[in-house]
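Just one chain follows, in the form predicted alone, and it is written as structure tokens.
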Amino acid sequence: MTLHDAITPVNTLTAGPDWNWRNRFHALGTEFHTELPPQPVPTPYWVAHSDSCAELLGLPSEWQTRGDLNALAVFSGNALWPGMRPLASVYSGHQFGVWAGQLGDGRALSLGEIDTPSGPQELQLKGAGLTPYSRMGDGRAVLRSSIREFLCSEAMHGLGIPTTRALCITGSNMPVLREALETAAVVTRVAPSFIRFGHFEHFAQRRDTSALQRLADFVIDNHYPDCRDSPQPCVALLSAVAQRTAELMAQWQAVGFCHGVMNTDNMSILGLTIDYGPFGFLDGHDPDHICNHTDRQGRYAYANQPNIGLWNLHALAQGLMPLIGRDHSDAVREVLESYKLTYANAMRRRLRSKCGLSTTQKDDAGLIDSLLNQMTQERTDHTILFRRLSTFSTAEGADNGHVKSLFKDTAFWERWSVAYAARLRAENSNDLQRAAAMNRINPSVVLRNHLAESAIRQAQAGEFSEVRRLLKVLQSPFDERHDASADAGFPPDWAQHIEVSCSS
């Protein structure tokens, strides 16, 4: 099927939400995108929606059911609201470290950009049909992958980690072929911008300096205005992106999140977590954990993510060099070097906080490293260990069995717990206050693969209540009410056999 064959006229409704549409990306020019309508799906239905994201956008409380809005049709790609100007953007990128050439929104379609109290937000349909950049794909998404993206987008927001958001999922019984025949779904994604490192690589590789300059100016003026006052605005832009990326990597590592496919076309210029595919959260603490079954060489293993972030920033720097000029290459090298220090400081800060340390002392690194090394040796559960550590008592003779039981090596625990208790007492740590602080940064629940898989299996059987229940849990991951629930427990044995890949 060609793109021309796939295009079906889509009606523009007479009414929509009270939104001011801005659609600034259109002004960059036709080199950046192709305008085309979404492709309808037959008989769409609601799967789930996020009230939190709807509130961000200013949607009325009854937006799903209001007949005059017909939101189900809009968010399935079957209709448009006045002011929407759908487009697919073009970009390029490195995939698994290899230049892949032109890529682009192969199954995503931007509906436009609106003003919100939190600033402009872009709405995007994922799975809305063929675009000029679909290559060999069909432009569709399936229910399985759509549920994973929807839940993880909102879960990361609940964790306080910068991310694209997800407003809703709609489904259809339209068949879509992946490894097996599945059914179609559409996710509505939300972000201030979906511009990626690959957008800059695309125009640099084509030696289109004019388009590259327009893109840089657009990003600076709309997202990094402080960079405009710099003698070298593009160096300042690279620096700002590097700082955000370093902080994001530290947040991922601290919570045990593995992205799985950190290609340059999946790196947000705003430092957001973007493009949820074969992601995963650590169960047992394993620096070599590979969450993406397709990643046979382990390029994107958990421990490699901070270095891959830097590798991708080098690619972005190369994309900006036509605007920066070789005379300023030393400044670029300094920016890239600064990433390492920013990441190291951010990671140390987060690890101290995860361990409940409110001050810095010279032996902290050794104390924390010894804990992480033992967790690695024993594959101690990453989330449960840090959550339980908040219950640690500094009282003389305290058993602390709730944490001790997580380790097989009791000799290690006896040594480490004595050192940890002494360290806490050295800063006059109050057990109750420390526990409260630790429970604000160490989640009780993360989106483990088995939780997502259980929700997916029920949804594939036509029951969406588990998706909706799990969403509410993940939106409050630090709530102590979850601690005794199965959601916060150890993964079942069958979870070891779950495999996710780039098609997930």
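Start at 1 with the first residue shown and count on from there. This one's a predicted model, so the numbers in the text were calculated from it and none came from an experiment.
Quick note: we don't show the form predicted together with adenosine monophosphate (AMP), though the next part is all about it.
Participant: Partner absent here, but in the model of the complex, which of 319 to 327, 389 to 397, 333 to 341, 133 to 141 has residues with a heavy atom within 4.5 Å of adenosine monophosphate (AMP)?
Facilitator: Heavy atoms within 4.5 Å of adenosine monophosphate (AMP) in the model of the complex occur in 133 to 141.
Participant: Only one of 309, 256, 104, 271 comes within 4.5 Å of adenosine monophosphate (AMP) in the model of the complex by heavy atoms, so just point that one out.
Facilitator: Only one option qualifies, and that one is 104.
Participant: Of 124, 172, 266, 121, which one comes within 4.5 Å of adenosine monophosphate (AMP) in the model of the complex, counting heavy atoms only?
Facilitator: Here the answer is residue option 266.
Participant: Look up in the model of the complex whether residue 283 has a non-hydrogen atom within 4.5 angstroms of adenosine monophosphate (AMP), and give yes or no.
Facilitator: Flag for residue 283 set to no.
Participant: I'd like to check something about residue 178: if you look in the model of the complex, is any of its heavy atoms closer than or equal to 4.5 Å to a heavy atom of adenosine monophosphate (AMP)?
Facilitator: So residue 178 counts as contacting adenosine monophosphate (AMP).
Participant: My question is simply whether residue 420 lines the interface with adenosine monophosphate (AMP) in the model of the complex - judged by any non-hydrogen atom within 4.5 Å.
Facilitator: Judged by the heavy-atom cut-off of 4.5 Å, residue 420 is well away from adenosine monophosphate (AMP) in the model of the complex.
Participant: Find out whether any non-hydrogen atom of residue 304 is located within 4.5 angstroms of adenosine monophosphate (AMP) in the model of the complex, and reply yes or no.
Facilitator: Because no heavy atom of residue 304 falls inside 4.5 Å of adenosine monophosphate (AMP) in the model of the complex, the answer is no.
Participant: Let me know which residues along 267 to 286 have a heavy atom within 4.5 Å of adenosine monophosphate (AMP) in the model of the complex, or say none if there are none.
Facilitator: Just 275.
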